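For reference, the chain that follows is the form predicted alone, supplied as structure tokens.
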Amino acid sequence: MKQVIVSPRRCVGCMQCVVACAVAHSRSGDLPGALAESPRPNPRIHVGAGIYHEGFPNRCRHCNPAPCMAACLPGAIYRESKTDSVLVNPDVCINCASCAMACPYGVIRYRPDPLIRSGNTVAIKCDNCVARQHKGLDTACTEACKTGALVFGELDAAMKRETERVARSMTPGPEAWALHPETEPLLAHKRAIVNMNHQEEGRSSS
């Protein structure tokens, strides 16, 4: 099942995800229209700044089990099975703030929701863009992110890519091999296999 995968080291603090999120949760669905709406739509993702002013995209993790769901007194917070997303039913929310106190990531806000008729102040959090997902679209924040800080994909595949990235960064150079000459034959054999695989991939793609 796909989910939003966050890589904070790639965030440049451009705030494109914040704008895209707000527009996706507006009545009009486009930026000019969203700016003219009242109440103005609010984003469900929040970008903070670290001690070196680096960006950090903070959003609901849709925990399982979810502390906010357990803390919700009227039972307004539930999990949608199709996307495994933790959602808020605004018609049931009583604005008690129990979920916000239980959330370990501080991502729940209390604001008027332009998408509900009553206009009441209710708990607002990331809904994983379930409406977009049901249409076969990616989440708004990942579609807007150009640096790869937010990616919509399978967690196993993302973890595999990260393992490969770390492995490549730890690959010793020739100077390290010289310190351990007994490993050079094995490393040379591995390099030959990698080169052969690359050549075969090149022939198959041509």
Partner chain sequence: MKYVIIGNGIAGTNALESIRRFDPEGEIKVYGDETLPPYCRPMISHLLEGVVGPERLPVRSRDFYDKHRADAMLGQRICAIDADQKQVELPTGKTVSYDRLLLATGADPRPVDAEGTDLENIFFMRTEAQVRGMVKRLPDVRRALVLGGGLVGFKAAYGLLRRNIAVTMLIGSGYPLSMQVDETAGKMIQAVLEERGLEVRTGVSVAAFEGNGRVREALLSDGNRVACDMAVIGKGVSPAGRFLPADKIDMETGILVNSRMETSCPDIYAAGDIAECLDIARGYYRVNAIWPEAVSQGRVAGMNMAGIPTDYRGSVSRNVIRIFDLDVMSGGTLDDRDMDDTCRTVVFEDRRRRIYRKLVLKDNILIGFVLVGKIDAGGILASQVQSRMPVMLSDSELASVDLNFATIYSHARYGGTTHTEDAS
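Residue numbers count along the first chain shown, from 1. Just so it is clear, the model here is predicted, and its values are computed rather than measured. Whichever C-alpha set is largest while still superposing within 1.5 Å between the two forms counts as the rigid core.
Below, we refer to the form predicted together with the partner chain, which is not included among the displayed structures.
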Item to check | Non-hydrogen atom within 4.5 Å of the partner chain in the predicted bound form for each of 54, 58 and 96 | outcome: yes
Checklist entry - Does residue 104 make contact with the partner chain in the predicted bound form, using a 4.5 Å heavy atom cut-off? => result yes
Checklist entry - Using 4.5 Å between non-hydrogen atoms, is residue 50 touching the partner chain in the predicted bound form? => result yes
Checklist entry - Is the gap between residue 119 and the partner chain in the predicted bound form 4.5 Å or less for some heavy atom pair? => result no
Next on the checklist: Contact with the partner chain in the predicted bound form for residue 111, defined as at least one heavy atom pair within 4.5 Å: yes or no?
Outcome noted: yes
Checklist entry - So which bits of 1-17 sit within 4.5 Å of the partner chain in the predicted bound form, heavy atoms only? => result 8, 9
Checklist entry - Rigid core fitted, is the C-alpha displacement of residue 15 between the shown form and the other one 2 Å or more? => result no
